[in-house]
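We begin with a single chain expressed as structure tokens, specifically the form predicted alone.
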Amino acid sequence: MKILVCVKQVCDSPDTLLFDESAGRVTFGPHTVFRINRYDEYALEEALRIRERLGDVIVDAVSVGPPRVGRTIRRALEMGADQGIHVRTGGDDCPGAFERAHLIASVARGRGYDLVLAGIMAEDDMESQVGALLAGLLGYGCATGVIFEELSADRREVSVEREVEGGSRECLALVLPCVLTIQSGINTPRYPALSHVLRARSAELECIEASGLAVPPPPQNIVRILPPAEGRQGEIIGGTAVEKAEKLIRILREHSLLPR
């Protein structure tokens, strides 16, 4: 059995991001620290637990992005993934969801993956689109927001529970191959073992240039990004209790919130 886990590199804190208002885009500052998307850690942990239950399972980790993304893939190897695949792009920005899904689908086709796992969303863009787009491109069934999964004894289908509105759960049975987007809380991601850390340092990643893969033009483009408008400043009313009440009444009347 083969499992492909999609991982994304995200910045550790928004405090180091820079907003270029003239260009209408967000860039990374010189002190930006990158790490693996936490939702993808849950997906990877679930793949590793499946391997521990079944035994003969290969877990591959794939990520799309510039050369620095290689560090995130090695983090997946440190956690226990068998092989890392880097779809390398130019520049310092990560492609949008549409392009990432097409690039991953191009890599996944023909490799015989029985199960594709991804986090329910990325912490940076929070679009929750790559998993569903990937399923559509590959022609696989898909379940999103999965909080529980169990493979059948013959490994032909997987039973899942997914979170829906109102705190309820929806139970589904999907025929393999399929795509699952994993919700937080399904497990607790493990801390890398020393043996895996040492192996990951010397492991050779499979690097595929994104420019060599056929990707259609995205159906949407970012026209402009604007910072949130500053909220109104609050006013602290001082004085005695009577003075505070009188000032508050006057302010409310000035704003036509009380009759004069």
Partner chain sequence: MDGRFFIIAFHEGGRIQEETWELVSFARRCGAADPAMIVLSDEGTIEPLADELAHRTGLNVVGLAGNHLKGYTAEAYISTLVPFFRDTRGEICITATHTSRGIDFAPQLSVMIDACCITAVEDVGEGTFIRSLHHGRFRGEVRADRAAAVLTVMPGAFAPEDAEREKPGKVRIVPAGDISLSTRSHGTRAPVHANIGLTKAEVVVSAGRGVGSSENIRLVAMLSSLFPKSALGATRGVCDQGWLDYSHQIGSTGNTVSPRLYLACGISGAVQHIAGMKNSGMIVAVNTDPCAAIFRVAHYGIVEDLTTFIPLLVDRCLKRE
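Residue numbers count along the first chain shown, from 1. Only the largest set of C-alpha atoms that superpose within 1.5 Å between the two forms is called the rigid core. As the structure is a prediction and not an experimental result, all values here were calculated from the model.
If you look for the form predicted together with its partner chain, you will not find it shown, but the lines that follow are about it.
- Here the chain stands by itself, but in the model of the complex one stretch of 63-71, 210-218, 50-58, 196-204, 210-218, has heavy atoms within 4.5 Å of its partner chain.
- Taking 161, 82, 99, 114 one by one, only a single residue has any non-hydrogen atom within 4.5 Å of its partner chain in the model of the complex, and it is 161.
- Though the partner is left out of this view, residue 224 does reach within 4.5 Å of its partner chain in the model of the complex, counting heavy atoms only.
- Contact between residue 127 and its partner chain in the model of the complex is found at the 4.5 Å heavy atom cutoff.
- Heavy atoms of residue 234 reach within 4.5 Å of its partner chain in the model of the complex, making it an interface residue.
- Taking non-hydrogen atoms only, residue 107 never approaches its partner chain to within 4.5 angstroms in the model of the complex.
- Residue 42 is the sole member of 42-65 found to place a heavy atom within 4.5 Å of its partner chain in the model of the complex.
- For residue 239, a C-alpha deviation of 2 angstroms or more is recorded between the shown form and the other one after rigid-core alignment.
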